[in-house]
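Okay, so here's just one chain, in structure tokens, the form predicted on its own.
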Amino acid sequence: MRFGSVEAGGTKFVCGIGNEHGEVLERIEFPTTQPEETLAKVEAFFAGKEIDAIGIGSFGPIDLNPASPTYGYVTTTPKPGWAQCDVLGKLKRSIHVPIGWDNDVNAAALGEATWGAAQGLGSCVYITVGTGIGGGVYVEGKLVHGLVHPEMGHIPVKRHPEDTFAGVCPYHGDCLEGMAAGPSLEKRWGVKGHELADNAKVWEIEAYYLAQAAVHAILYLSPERIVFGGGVSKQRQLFPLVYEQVQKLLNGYVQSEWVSERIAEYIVPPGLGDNAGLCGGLALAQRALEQSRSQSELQSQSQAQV
């Protein structure tokens, strides 16, 4: 089978074609500009391609309630031009196959649970640290939605004792995203994160905030694995600092060898690398096709009984 995937990010869109094994066969990316221009590029990429279904993991917040009049919309994003944008509706008008729809970090969590670092486990949390911060939650074969969907990037955090930075979140100032996402690094230190690799204080402060996100996830959800993805998490010197802070914050309360002795196997980078989101879209597409077939079978059975 051939599936389409869209990783719709606030900075860039990634589109691809893959199969039911999570293998990416074709991949392109382009900057996220205004909705009309960006979505037209998505439509052009899939035009004429033989696919069975497509999965879209989108930056958000997004509306995931099928009964809502704004289902499929990006809602209250600060991304200029994208607030209240009907992403799913526009793509449905040009791509006539079953379409799976979720937020980008839920898609990545599904990808990692299906083919990546959390394969074979019953639960995981995927936290992306890039232009923004978000968290996706996978539990017992399902992605967690609810009132809307998890917004782990906007949890309040305790301020590092040496950090006087105000934060960059337009909604909350010094929430996790405001203090630890890529733009906060650049504004706090005056250069981009990849230019700060040798500055120990940068990563000490960054780990202080990201460890709080991991601890929240452990205490709220007790996942079997935590995956940190996104551009900032590619700074691998960050992981040992996060491990140290997580253990310090938990202070022996969570009695598990995965925290006390095997934390480097518990809090990990993506097993799928840069394709976590794209593979997540393939998994969403596969689920959308299965759901479509189940609905068709139920309709056929219902008509046969009339």
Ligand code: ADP
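As the structure is a prediction and not an experimental result, all values here were calculated from the model. Residues carry their position along the shown sequence, with the first being 1.
Another form exists, predicted in complex with ligand ADP; not displayed. Remarks below refer to it.
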property: 4.5 Å heavy atom contact, V232 and ligand ADP in the model of the complex; result: yes
property: G116 within 4.5 Å of ligand ADP in the model of the complex, heavy atoms; result: no
property: 4.5 angstroms heavy atom contact with ligand ADP in the model of the complex for G182; result: yes
property: Q291, heavy atom within 4.5 angstroms of ligand ADP in the model of the complex; result: no
property: In the model of the complex, the one of T131, T77, S123, Q212 near ligand ADP [non-hydrogen atom within 4.5 angstroms]; result: T131
property: Ligand ADP: the contacting residue among G178, G135, P98, G193 in the model of the complex [heavy atom, 4.5 Å]; result: G193
property: Which of 260 to 268, 41 to 49, 234 to 242, 63 to 71 sits within 4.5 Å of ligand ADP in the model of the complex, heavy atom basis; result: 234 to 242
